[in-house]
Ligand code: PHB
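Below you will find one chain, with nothing else, as structure tokens; this is the form predicted on its own, and questions on how it binds or moves follow later.
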């Protein structure tokens, strides 16, 4: 009886060792997701993670023999010190293979040195200040830069009879980038800038800024604000202060008419012209499949927006890179696999520029229209193969 018990224990031990060996052979690739999941920017993290989940819903959680695992961390908002600490913990304690996410520029910039020191690929899924990819050789961006999407807006405005513009931008990296890019391109096309104002990144009261614009009597106001609640607040002030009634057009980057909050912004957005790289209304099989997978993975409370699309494309890039390296997570091998990569995205064809590690993509000119399914940004013009003009 005792002998049989010993044999049984030995067999169980061998089975456990075999299972452990199989698990070790299969391996796990850990993605350390650093993003905003609480506070006024909470939808940033939700949309990015939602897009990542949509990709895994479509393509499974295994690639090149490795199981993909997401380790989620909340920065709570624009908090560089918190973002850096979380990234360090992910690298040293959680042993992640990639750092991903980054809704806001200050957080991405703070984590760049961590990626460099640890030689961990860092996939930017939103943060849009031009300089970010220059801060570490391990950074790749699959989202956009503000100059990239702003320059076409300036060119389109000048071509369509707008001659005098006032700029309103959020007072941080992306806003300043957008203003500089718009001003340069608009002046080059013969336009005149008649004023500018920078609004606080957190909790701005737009009423006095909007009144200042109205008093300057421009033909149009160019707007950049971080996506989400601020757009709703600005549109309310724009309507209450009577800018549209005064004949002052509003043109903007697509952050202002973020697909996720467009219905909540309501009819004041109708006719608003924006430039952007993704719209939920984009007509392609890839976008239809993405939206279906997003709803299956996350429910239908949120309409997927540009951050969700970037989360999805970030996962596509990671999966393709792992296929190219046969599952190796060596930082230098992954970066070599990412450079020059081409993907069929829900937004259209994209490429990772091998020199700058930034995304090359089509920028669309869109107008807010009411459809049977609600308010949507409907594309009507496009600027193909746009690089970041600052690089």
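A quick note: this is a predicted structure, and the numbers were derived from the prediction, not measured. Positions refer to the first chain, counted from 1.
What follows is about the form predicted together with the named molecule, which we do not show.
Screening 127, 213, 321, 153 for any heavy atom within 4.5 Å of the named molecule in the predicted bound form leaves a single hit, 127. With the partner omitted here, the residue from 140, 100, 307, 90 that has a non-hydrogen atom within 4.5 angstroms of the named molecule in the predicted bound form is 307. Contact between residue 313 and the named molecule in the predicted bound form is not found at the 4.5 Å heavy atom cutoff.
In the predicted bound form, the named molecule lies farther than 4.5 Å from every heavy atom of residue 148.
Although the partner is absent here, residue 104 is a contact residue: one of its heavy atoms lies within 4.5 angstroms of the named molecule in the predicted bound form. In the predicted bound form, no heavy atom of residue 209 sits within 4.5 Å of the named molecule. Annotated contact segment (heavy atom within 4.5 Å of the named molecule in the predicted bound form): 222 to 230, selected among 187 to 195, 222 to 230, 288 to 296, 111 to 119.
The candidate site formed by 144, 172 and 255 is fully in contact with the named molecule in the predicted bound form, as each residue has a non-hydrogen atom within 4.5 angstroms of it. Residues of 176 to 208 that come within 4.5 Å of the named molecule in the predicted bound form, judged by any heavy atom, do not exist; none qualify.
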